[in-house]
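Taking the form predicted alone, here's one chain by itself in structure tokens.
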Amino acid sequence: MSYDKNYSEWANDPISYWDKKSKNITWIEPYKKTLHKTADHYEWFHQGKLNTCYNCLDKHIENGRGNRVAIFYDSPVTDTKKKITYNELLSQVTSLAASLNNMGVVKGDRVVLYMPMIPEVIVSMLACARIGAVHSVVFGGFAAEELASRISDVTPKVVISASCGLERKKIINYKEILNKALTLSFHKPSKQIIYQRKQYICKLNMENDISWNEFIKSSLTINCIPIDSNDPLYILHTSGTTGIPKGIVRTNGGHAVSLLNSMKMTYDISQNDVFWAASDVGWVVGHSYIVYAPLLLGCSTILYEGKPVGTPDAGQFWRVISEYKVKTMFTAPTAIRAIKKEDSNGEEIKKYDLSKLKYIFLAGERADPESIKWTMEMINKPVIDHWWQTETGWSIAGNFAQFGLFDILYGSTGKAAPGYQVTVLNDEGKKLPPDKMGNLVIKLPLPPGCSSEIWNNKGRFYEAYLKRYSGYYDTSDAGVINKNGYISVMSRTDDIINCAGHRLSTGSIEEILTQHKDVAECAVIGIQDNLKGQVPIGLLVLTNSSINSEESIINETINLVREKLGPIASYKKSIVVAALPKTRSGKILRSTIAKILNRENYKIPATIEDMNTLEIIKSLKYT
């Protein structure tokens, strides 16, 4: 079936469409209604009961696939590799789940996970799911203040952590951070379970500390507990515009149905394939596509503890793909740009056999066309940008491998996924014609798997996402949809600048700048201007192979924008910088850069990867 036919099938009868998809999940009790509207939100698979852990593990073992590798663990920072089968994973999960239940953790209790990229974090997530506890993963390495705020928000009965995390050649003392967070938080958990890594053995020096090995009673087992479809599976905090993190709530039923459907529809994965999401379990990509979606399907997933470059070189992604025979990879555009910067001629790529690789998918922030073109040229495989958010949990738009790929349009995130009706509205809520930039919104109801609630704050979801446009979910992304349905996400709405009355997307200028052969990546920022309101400037990071002078590159990029976009952009300044400040997930901190350069007050983001990059921005002379 083609994409158009599949999308029409959903659009003509969304209830039947999702009812059919739900049959691939094992239900303990069938749901009474596919879609039920309550006073304040929609509920999918109303009053059905299931268990996500059962669908991830027990189900496959009962079907004779227990010896299939569930997790390939690859850690270049510790020189460690492991294969964990579904049988082995279930054994570990049931022991932890039973031990948690034995100490009093029951359905609805929260468990905070503050862990590095080790198999025990997946074990912990699934153990919580098995007994109906709600896990809240906090990105490993977050500062104590951020960890404390999340502990205070979700009030966990237990915190599961590790002695340390590893960043290239640096050891991060997680236990020290956790200790400080517990002193800052108003809530005190009943226990802190600490997994001791051999790279650093910490002291168990806080009240209620216990080691992982001492806590787990391997002789204990526990069956899966029936969970209501609309009971929460997890809470994942994302940054809020107010500076207060939002705890996005994901419920069990819709999450399982939508993620299992996406593995075939979006990524063309079957049970015998190897799938790799090169992300972190602390982010939504890690939740959805390192852990739950691959295990719901029953294929093999890769847990990678390393970086695209520097651990130890720019060839590690290609090594992992070659070694584990990865069919589909999912990563962030910033990872591709980092590899391109270090290895612009693709020498590392030539060392590895990529014959089993069929696709690379990108998401996380705007994928500039030049990076996509470079990657496709180097590996001779489709590189597909797609668009989704923490709040949606799976892709809003993409290019759907199950139906046969349609043409890749550079700069576009593809077409709307079945389940989403995406529209462009102006600020007054009027629908805009094709190719007119405006606010990207999704017609309600959102499909299964999407969040409709903020933890501990019922009204905040409405205020943040539903209030502005009646009947629509506001994505806070700006973009265009062309006459053929291709969606191009240009920037966050906060990144649209107003230059002499013209609304300009910073993403459209960045797209032009990266066409220059010496530019590895860039960020365009709006600077306050007394005459024009705002004018754009570009911060450029150059490739390592660049041999041209910075002055010539600056002049060429200015002329390039003028040629491609015209004088309307008032683009007159490029600045070469050594690096750009980014989050640990790879997103460029454009808002923070803009505040620094506009001499406004700013808060140092908890997610920043390298503080030195902020010093680079603060030192700029740009007027």
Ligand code: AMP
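All residue numbers refer to positions in the sequence shown, first residue = 1. As the structure is a prediction and not an experimental result, all values here were calculated from the model.
Keep in mind that the form predicted in complex with the named molecule is not shown, yet the notes after this line are about it.
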In the predicted complex, which of 422-430, 295-303, 363-371, 82-90 comes within 4.5 Å of the named molecule (heavy atoms)?
-> 363-371
Which pick from V489, V121, L100, I321 sits with a heavy atom within 4.5 Å of the named molecule in the predicted complex?
-> V489
Quick one: from D228, D477, D153, E453, grab the residue that has a heavy atom within 4.5 Å of the named molecule in the predicted complex.
-> D477
So in the predicted complex, does any heavy atom of W387 sit within 4.5 Å of the named molecule?
-> yes
Report whether the minimum heavy atom distance between T413 and the named molecule in the predicted complex is within 4.5 Å.
-> yes
T78: heavy atom within 4.5 Å of the named molecule in the predicted complex?
-> no
Might E391 be said to contact the named molecule in the predicted complex, defining contact as any heavy atom within 4.5 Å?
-> yes
